[in-house]
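To begin, one chain is listed below as structure tokens, in the form predicted on its own.
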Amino acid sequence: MNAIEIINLTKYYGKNRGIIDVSLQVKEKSIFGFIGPNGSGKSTTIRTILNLIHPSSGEAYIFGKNCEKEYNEILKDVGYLPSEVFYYSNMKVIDLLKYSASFYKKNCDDRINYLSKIMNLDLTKKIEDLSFGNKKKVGIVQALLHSPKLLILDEPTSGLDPLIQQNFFNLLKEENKKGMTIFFSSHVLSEVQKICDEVAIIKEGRIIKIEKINNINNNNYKRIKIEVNYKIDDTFFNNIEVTNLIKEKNIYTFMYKGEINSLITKLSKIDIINIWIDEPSLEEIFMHYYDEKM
């Protein structure tokens, strides 16, 4: 069974675009990345499948249940961390978390203490005295305290310092090993590379690519830099899979996807002083998806 199934989900705010024909499947017990720049439709997609806003058209299912018609049945199995968290400012952290736990009709005290220790969260402080990062920690603990089958995270690391971020990623991996499905939305591409099995890229409200992380990391992309004695004719790179070409004096840098021997054969026709071949970052691999021509 799929943990999440979205079918042609569309949301307009009046005449303004939210998301258009978004379709994707998230396998149960996977960690699924949802990538896109701010304003691309990530939060709208999440809020729609959580029934916080209603779609203009299309459908969404969580564990086979319709997100609009069976929302009350879905709630107990889902943990959600929004991109921005707002709480009763005069409550203590522990009181807020216990209040949240009461909705699930189970004792979550041990779980709260365990999660708070990992996230270095002071349970005795009032919400109004917390920094943005510490409020985000409260949101993380709140989303996880009932051990949900599905965890939906919208920009979860904003405000967290690097050490706590690493603790958080380790926590997600452990929860996933226990069977939790995680839907991880972010505009920080390197984050999904660390923990996700599969990723969907959204741009201007539309899904433009769904790919397994292993395929992305092993898809033969290379970062190439060459230094030559003279200016290369603009037509030299025609008919080869070169993108993101940058020229700086006699140094040319570009991304290449294809059979490396074919490129070397092509480059052997020019006088090269130096050549560098590196593995690109995930950010560099994905940048062409945001090109204005697409």
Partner chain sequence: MNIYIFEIKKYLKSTIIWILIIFLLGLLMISFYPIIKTDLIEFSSLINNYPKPIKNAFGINIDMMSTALGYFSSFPLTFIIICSTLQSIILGISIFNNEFKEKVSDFLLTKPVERKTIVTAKFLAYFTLIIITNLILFFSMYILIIIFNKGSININIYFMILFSVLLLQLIFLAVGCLIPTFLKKLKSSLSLSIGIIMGLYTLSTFVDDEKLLYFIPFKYFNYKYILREQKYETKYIILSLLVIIVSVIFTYKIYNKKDIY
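The shown structure was predicted, so the numbers you read here are calculated from the model rather than taken from an experiment. Residue numbers count along the first chain shown, from 1.
Another form exists, predicted together with the partner chain; not displayed. Remarks below refer to it.
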{"query": "Contact test, all of Lys11, Leu52 and Gln142, partner the partner chain in the predicted complex, heavy atom 4.5 Å", "finding": "yes"}
{"query": "Single option in Lys76, Lys106, Lys212, Lys173 placed near the partner chain in the predicted complex, where near means a heavy atom within 4.5 Å", "finding": "Lys76"}
{"query": "One residue of Ser190, Asn120, Gln166, Asn72 in contact with the partner chain, assessed in the predicted complex (non-hydrogen atom, 4.5 angstroms)", "finding": "Asn72"}
{"query": "Stretch in contact in the predicted complex with the partner chain, which is absent here, among 177 to 185, 109 to 117, 193 to 201, 95 to 103 (heavy atoms within 4.5 Å)", "finding": "95 to 103"}
{"query": "4.5 Å heavy atom contact, Lys266 to the partner chain in the predicted complex", "finding": "no"}
{"query": "4.5 Å heavy atom contact, Lys257 and the partner chain in the predicted complex", "finding": "no"}
{"query": "In the predicted complex, Gly159 touching the partner chain (heavy atom, 4.5 Å)", "finding": "no"}
{"query": "Contact label in the predicted complex: Phe132 to the partner chain, heavy atom within 4.5 Å", "finding": "no"}
{"query": "Contacts with the partner chain in the predicted complex, stretch 63 to 93 (heavy atom within 4.5 Å)", "finding": "Tyr71, Asn72, Leu75, Lys76, Tyr80, Pro82, Glu84, Phe86, Tyr87, Tyr88, Met91"}
